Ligand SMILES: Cc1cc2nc3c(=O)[nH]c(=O)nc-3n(C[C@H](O)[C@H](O)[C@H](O)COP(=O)(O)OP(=O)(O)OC[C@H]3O[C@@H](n4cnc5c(N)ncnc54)[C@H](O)[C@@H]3O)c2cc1C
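One chain comes next, on its own, written out as structure tokens in the form predicted alone.
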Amino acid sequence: MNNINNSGNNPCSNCGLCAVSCPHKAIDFGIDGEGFYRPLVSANCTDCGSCVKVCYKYFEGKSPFENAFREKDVYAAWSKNRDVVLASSSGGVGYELTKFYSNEGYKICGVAFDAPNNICKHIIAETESDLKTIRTSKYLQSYTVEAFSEFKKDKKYLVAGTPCQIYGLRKYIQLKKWDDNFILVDFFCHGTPSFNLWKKYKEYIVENKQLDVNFKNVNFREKNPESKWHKNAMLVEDFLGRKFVKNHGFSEDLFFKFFLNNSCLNDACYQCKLRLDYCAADIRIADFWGKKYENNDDGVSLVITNTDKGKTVWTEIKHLLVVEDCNFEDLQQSQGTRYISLNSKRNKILAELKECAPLDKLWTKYFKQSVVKRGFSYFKRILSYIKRTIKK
């Protein structure tokens, strides 16, 4: 076999480029039982190997790994337009970047949340409204196959996606010899959760917060007067105008509790070699977390120029931004996590996300009870210490 059914060095990252690259359309791409996009090779496969050439499964990387950004230029930045900053997930750099190159004739491809159909997917933006749709962060797997299959050799594109999506796309456009027509942007990615988590979360919202089953809008990271940049709020709105808002979303929203507990991420996310060890994008952006901007409640973007093209792009757009030069140490404080710890409960949680138990019940079962048990164990140790002290 010369296709992606061969075992590789890494798990499948669900980027979708295997299906895009297949000249015979022999690869279907859909969600498996655990809630992750996976490829399925059909009988039409000719073993041409096109899919293997773009697949992250066969990426080897360096050994030992070295931080890919050690010698790169690092910046903090935010839009000069405060309205843009407040409407963006961090500092609005991504929006200014896409708007500028849209005006320069580039097609812009980014992730939109299709609330009526309950999926995230890459789209090629055609309007100013589309640019605003792809502006904010999404925390679900994005379906890439449809949009990426529309790329043409005589058009110019700016494409934003996860590091694994951009890795596969870089390989694809290199094979096509389309490199000169693309600007590739990725970001520091925590991982992609099971789609079953989102389905459970949606059931929880509908059942407990009295929203209609059809959502009109979802903003995973809304900035409002109470939950500003560092805390964010989860916002869900239905077509009847009813809203669910959970302030301090990162710490208090049920979806983010599971997500940030690393309890149901794609298996490729835990030992991802594209987080710090390799970058296929021209520019990488992120939230500038850490002490340096802890008193900024509007939002600050971290920007790294990774290629010569990235440096050129940055030169062309930075007049739209407030820019501060930073260094590698600032980067490490902001985005220093190389590998995400595998949650020991992951397989059990993934199995139960397919069942009927409500999401809040699963949280209580797997996490709240463990906290109580740890507290009881701690109390027993303190009691034992007191008894030993009294005996002495």
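Note that the coordinates shown come from a computational prediction; the quantities given were computed from them, not determined experimentally. Numbers follow the displayed sequence, beginning with 1.
Not pictured, yet referred to below: the form predicted together with the named molecule.
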Using heavy atoms only and a 4.5 Å cut-off, determine which of 99, 170, 246, 221 is in contact with the named molecule in the predicted bound form. 221
The unique member of 80, 199, 190, 311 whose heavy atoms fall within 4.5 Å of the named molecule in the predicted bound form: 190
Quick one: does residue 335 come within 4.5 Å of the named molecule in the predicted bound form, counting heavy atoms only? yes
Would residue 289 count as touching the named molecule in the predicted bound form under a 4.5 Å heavy atom rule? yes
Can any non-hydrogen atom of residue 139 be found within 4.5 angstroms of the named molecule in the predicted bound form? yes
My question is simply whether residue 236 lines the interface with the named molecule in the predicted bound form - judged by any non-hydrogen atom within 4.5 Å. no
Name the stretch, out of 170-178, 290-298, 200-208, 129-137, where some heavy atom lies within 4.5 Å of the named molecule in the predicted bound form. 129-137
Using the arrangement in the predicted bound form, list in sequence order the residues of 95-134 with any heavy atom within 4.5 angstroms of the named molecule. 110, 111, 122, 134
